[in-house]
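Take a look at this single chain, the form predicted on its own, given in structure tokens.
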């Protein structure tokens, strides 16, 4: 769904195609994520959804984001144990996380080379790999 106009109607269809019942709150949460094509935290999603009507609880936002993740509509990007973003871009890519600004930006997967991966244990297959490059301004001496 990357290059089209995101409407509540076509997002409802997308949810149905992924086996998700398109309730009003789920559609609003999907619209908050997909219409912006940005990396958002659950709190940011909740703030966007509740801008006009404060009707969506934190539990609903977290449960819906978890459902979207399970159904492979979004991916979870964990930049540190207390900071999780939800990314609607499901194409192969990696991330740069600015420790000072809190900004998370995409890196095209073709611009990163990784070699020497370990052999996986028997009975498992790789589903994906996350790369987050954490950056800070050079003048920051907190190394």
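Everything numeric here is computed off the predicted structure, so don't read it as measured data. Positions refer to the first chain, counted from 1.
Missing here is the form predicted in complex with another copy of the chain; even so, the following discussion is about that form.
Against another copy of the chain in the predicted bound form, the set 107, 126 and 134 is in full contact: each member has a heavy atom within 4.5 Å. Proximity to another copy of the chain in the predicted bound form, defined as a heavy atom within 4.5 Å, singles out one entry of 56, 98, 44, 35, which is 98. Contact with another copy of the chain in the predicted bound form, defined as any heavy atom within 4.5 Å, is confined among 44 to 52, 26 to 34, 57 to 65, 74 to 82 to 74 to 82. Although the partner is absent here, residue 90 sits far enough away that none of its heavy atoms falls within 4.5 Å of another copy of the chain in the predicted bound form. Proximity of residue 13 to another copy of the chain in the predicted bound form: non-hydrogen atoms within 4.5 Å are absent; the residue sits far from the partner.
Within 4.5 Å of some heavy atom of another copy of the chain in the predicted bound form lies at least one heavy atom of residue 130. Applying a 4.5 Å heavy atom cutoff to another copy of the chain in the predicted bound form picks out 98, 99, 107, 111, 112, 113, 114, 115, 116, 117, 118, 120, 121 from 98 to 122, in order along the sequence.
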